[in-house]
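Below sits a lone chain in structure tokens, taken as the form predicted alone.
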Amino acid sequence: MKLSNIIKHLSYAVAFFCSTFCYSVSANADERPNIIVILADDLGYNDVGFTNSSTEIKTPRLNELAENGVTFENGYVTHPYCGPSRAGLLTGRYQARFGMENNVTYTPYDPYMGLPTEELTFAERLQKVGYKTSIFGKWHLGGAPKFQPNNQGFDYFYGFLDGGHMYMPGQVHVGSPDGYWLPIVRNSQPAEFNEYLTTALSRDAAQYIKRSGNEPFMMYLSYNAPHAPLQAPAETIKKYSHIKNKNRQIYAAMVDEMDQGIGMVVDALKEKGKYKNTLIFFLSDNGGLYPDSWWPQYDWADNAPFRHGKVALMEGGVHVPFIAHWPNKIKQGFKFDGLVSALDIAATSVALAKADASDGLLEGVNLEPYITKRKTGTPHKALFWRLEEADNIWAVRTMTGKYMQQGLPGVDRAYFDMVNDPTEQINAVDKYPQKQAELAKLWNEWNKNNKENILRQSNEYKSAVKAFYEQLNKEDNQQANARKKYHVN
């Protein structure tokens, strides 16, 4: 056979092999979606465009995600303030199941002050099936090494361990006892940021996407914005100079900067070719600050049309802006009015990643059939809340009613008709005794499986630590005085 014919036949063979191999690789390619969970901090329900088209605050990037995705009109978190809410979201379990109903105090030396390590985050579940996992921003689930993100399911961490942080570069005090002032962390090492913190977190997240390989990834973009302290770039604050309330001016700028940061992440997905097969969730960890009696000076967020805000079990505290966006599966934006919980993020992610949930611990619902319109109705029959283990502060909500008790002005024990009064304006307690009894039965059944709180509230914890050292110092002084009696010249 001539050399030219040999080369020709070899070329055919190579072409056949390549086409077969490439088809095989393509057919077996990992088509599981990337998953990004974006969590705002203390965001008012009425302070984004997709819940209030007339809001003063500009959120075009979030609005775009909502317009092309699903807006959960009855989206809830499991707790009305930071730490417990995040514990529920990340584990996919009600935090009362493992006794974590108080904010974690930042203390790197306490081996008990954090998310119990026997609890699996859904990041850990996804890690086991090949997902690359990352977190950017606020952790607030323990400062001791065993509680930190890299030991709780995250391959990569760029952020801070406490419940908040100063936003401006240069506001760092090495060795500060207050985590707000400490250097931020990249994995287990001190890191830096040389721009507004929200922007720095967003930029690092965008760069992470641009570096990503073929493996699917799960990203938790956990902003501290717009949580206090109120700080934002001067130029962005100027955009809101028409707002009379100076605090709200800064708050609006913080939300604006967060929206811009989300845009950076979305743009990175598009640049990397991963936009269409990435499922993005966006929500807040609880309602915005409302000037209740315990913090009357906090007057910058807007939770309308709901009453109260952060710390309250009223709708203003637990009913949050909540959307999902996934171009490959959601072809047209729509609104969904079934009961949706932050717990569902873990359940949905685990299902889509084909990760193991055989332990039966996840309490959320896989939302994929709902967001693809293969299923209608409500994912949850009822949602539940319990505040700081005290059984006299509780709430249960179904599609038709809400029964609750909390010592809020004009509330205390209350029943609300959630069909005709979804903003809880009229307390109809005891007017519907049978409906109340049904809700009470649901809550009591749920509460049977809860655990007493294992953590002190942050301020209480700090007071106890202070008292411990004061007592220790007192005893040392007493011993020193006693030794003086035996002084010999």
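Quick note: we count residues from 1 along the sequence shown, nothing fancier. Computed from a predicted model, the values in this text were never measured in an experiment.
As for the form predicted in complex with a further copy of the same chain, it is not shown, yet the points below apply to it.
- Partner proximity in the predicted bound form, defined as non-hydrogen atoms within 4.5 angstroms of a further copy of the same chain, places exactly one of 355-363, 256-264, 81-89, 105-113 at the interface: 105-113.
- Contact with a further copy of the same chain in the predicted bound form, defined as a heavy atom within 4.5 Å, holds for exactly one of T121, Q148, S222, N303, namely Q148.
- Of the residues P216, G164, G153, G143, just one reaches a further copy of the same chain in the predicted bound form with a heavy atom at 4.5 Å or closer; this is G143.
- Taken together, T55, A66 and S241 are entirely out of contact with a further copy of the same chain in the predicted bound form: none brings a heavy atom within 4.5 Å.
- Shown alone here, R456 lies within 4.5 Å of a further copy of the same chain in the predicted bound form, counting heavy atoms only.
- For N447, a non-hydrogen atom is located within 4.5 Å of a further copy of the same chain in the predicted bound form, even though that partner is not displayed.
- By the criterion of a heavy atom within 4.5 Å, I426 is excluded from the residues contacting a further copy of the same chain in the predicted bound form.
- Among residues of the shown chain, V174 is one whose heavy atoms approach a further copy of the same chain to within 4.5 Å in the predicted bound form.
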